[in-house]
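This document starts with one chain, in the form predicted on its own, laid out as structure tokens.
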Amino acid sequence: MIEAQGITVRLGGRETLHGIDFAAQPGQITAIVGPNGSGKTTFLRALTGELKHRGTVWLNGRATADIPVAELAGLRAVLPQSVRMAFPFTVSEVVRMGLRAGLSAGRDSLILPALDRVGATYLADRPYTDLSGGEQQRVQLARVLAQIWEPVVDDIPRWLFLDEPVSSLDPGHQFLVIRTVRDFAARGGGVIAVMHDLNLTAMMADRITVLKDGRVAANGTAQEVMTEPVLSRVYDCPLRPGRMPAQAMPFLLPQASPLEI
């Protein structure tokens, strides 16, 4: 599993994360949500070791600070919120970047299957810089999928860290990505995803951690955290979730939440 204890981050001389404790289980999707500036991306970057922080992160029972970088690349893959590339690599070359280290190293046969998972095989020979934002996002997801293609190897789960993986996508491709990510978790891998859309989060996540002002405001299932008291307090506005009859799945309609101007 992933465990974090006392994660504290300072940026620009200001403490932005304040001693966060966190846990995520393999076989599940754990979403991180919260308002703009709540620390979601900062926390994900601390979990993946991109940001200097106080506190400890354990990956499958080992402190990540003690795992060699090459080994870590075979245990987890990271999808940033955005990736800028100045050179006209082809899409296949971008996906191949996920095959440079770890268990999938050198397995070029995974390029097309990874693109197929995100509905992008037709882009294989296109220059990456010519793609739309949504197409680039799917190609980057294919890259991280290729990096840790098998969710479990020798009984050890692999992990996906995703920062807003569906933010630039149309509904059809949003659902495709959600199915792909859920399949990875269903086969034993672990997924931690920063999300912005609360309705998609409710559909996708097994557990949700809600951040506000760099602290954990709530943690639990969608039914437990997507409530009027929690959401209204976290987002500083009246938010009144509805419930789907079959599974009591919460959803939000902007028209159903009163505007107080």
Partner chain sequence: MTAVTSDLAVPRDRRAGAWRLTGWLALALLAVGLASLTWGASDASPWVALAKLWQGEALTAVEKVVLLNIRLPRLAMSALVGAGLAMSGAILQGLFRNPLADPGIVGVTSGGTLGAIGAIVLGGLLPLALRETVGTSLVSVAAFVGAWFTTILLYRVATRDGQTSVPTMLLAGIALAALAMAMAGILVYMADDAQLRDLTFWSMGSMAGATWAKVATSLPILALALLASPLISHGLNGIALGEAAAMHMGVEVQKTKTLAVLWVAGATGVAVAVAGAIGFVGIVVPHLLRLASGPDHTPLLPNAALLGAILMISADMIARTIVAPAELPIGIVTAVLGAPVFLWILLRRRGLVGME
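It should be emphasised that the depicted structure is a prediction, and the values quoted were computed from it without experimental measurement. Residue numbers count along the first chain shown, from 1.
The same protein also exists as the form predicted in complex with the partner chain; that form is not shown, yet it is the one meant from here on.
Every member of the trio Glu50, Val83 and Arg179 reaches the partner chain in the predicted bound form with some non-hydrogen atom inside 4.5 Å. Of the stretches 62 to 70, 220 to 228, 23 to 31, 199 to 207, only 62 to 70 has residues with a heavy atom within 4.5 Å of the partner chain in the predicted bound form. For Gln137, no non-hydrogen atom is located within 4.5 Å of the partner chain in the predicted bound form, even though that partner is not displayed. At a distance threshold of 4.5 angstroms between non-hydrogen atoms, Arg76 is in contact with the partner chain in the predicted bound form. The partner chain is not drawn, but in the predicted bound form it has no heavy atom within 4.5 Å of Gly188. With a 4.5 Å cutoff on heavy atoms, Ser92 counts as touching the partner chain in the predicted bound form.
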